[in-house]
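Coming up is one lone chain in structure tokens, specifically the form predicted alone.
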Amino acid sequence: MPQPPDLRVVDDPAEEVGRLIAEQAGRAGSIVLTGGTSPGRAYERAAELQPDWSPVTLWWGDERCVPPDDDRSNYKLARTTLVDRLAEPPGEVHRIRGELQPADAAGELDKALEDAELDLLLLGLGPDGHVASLFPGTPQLDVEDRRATSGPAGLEPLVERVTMTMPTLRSAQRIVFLITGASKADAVVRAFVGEIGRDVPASLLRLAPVRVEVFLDRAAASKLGTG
């Protein structure tokens, strides 16, 4: 049976998640970052609290197929808010090369992930229930024989994406969502309270062998009845 998610409604989820990321960086291991609009402040806080990331292996759960200096790049977000602020950068950085052809970038990520252990996976939630770049009802959700895949986006920005597959995401030792804003409130209910299914990809993380941790502000949690 799936474990119920650990829903944590807090005043400042970015602060809480920033501390959590910094604690993991201090223990070394592998950290998987996310993109989107919510995590930048968490990354800044993590860099303040733990400036030495030399023992860390850094990954991204997904990437937009754009160059690394493009404002839509998940890598650029993490570089400007986290990596460039560190006194000691991560020992290994596995950037998804969005400037390549999508299938080539996905193949490169798939190979890099061979034998990798993911200690902390950070995720966001789309208003349509997507997670990483796994969108509702798409063929990418069914990929189980590879660690990474590519495909079109379901929401803006409408550029091709490279993403870890669902089995890879569920393999992480710790799975943490950071979700803010009232625009995510319906998706929160569907992902963490509703039925598990392909129409809400984030709900599929509840099938992982570890309990999913969800950090929410009160706006994002407003339809849970816990705000």
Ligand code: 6PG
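Position 1 is the first residue in the sequence shown; the rest follow in order. Every value quoted in this text rests on a predicted model; they were computed, and no experiment measured them.
What comes next is about the form predicted in complex with 6-phosphogluconic acid (6PG), which is not displayed.
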Within a 4.5 Å heavy atom cut-off, is residue 168 in contact with 6-phosphogluconic acid (6PG) in the predicted complex?
no
Determine whether any heavy atom of residue 98 comes within 4.5 Å of a heavy atom of 6-phosphogluconic acid (6PG) in the predicted complex, and answer yes or no.
no
State yes or no: in the predicted complex, is some non-hydrogen atom of residue 67 no more than 4.5 angstroms from a non-hydrogen atom of 6-phosphogluconic acid (6PG)?
no
Find out whether any non-hydrogen atom of residue 201 is located within 4.5 angstroms of 6-phosphogluconic acid (6PG) in the predicted complex, and reply yes or no.
no
Candidate site 30, 94 and 147: all three near 6-phosphogluconic acid (6PG) in the predicted complex by heavy atom within 4.5 Å
no
Interface stretch in the predicted complex with 6-phosphogluconic acid (6PG) - options 84-92, 121-129, 138-146, 98-106, non-hydrogen atom within 4.5 Å:
121-129
Counting only heavy atoms, which residues in 36-59 are within 4.5 Å of 6-phosphogluconic acid (6PG) in the predicted complex?
36, 37, 38, 39
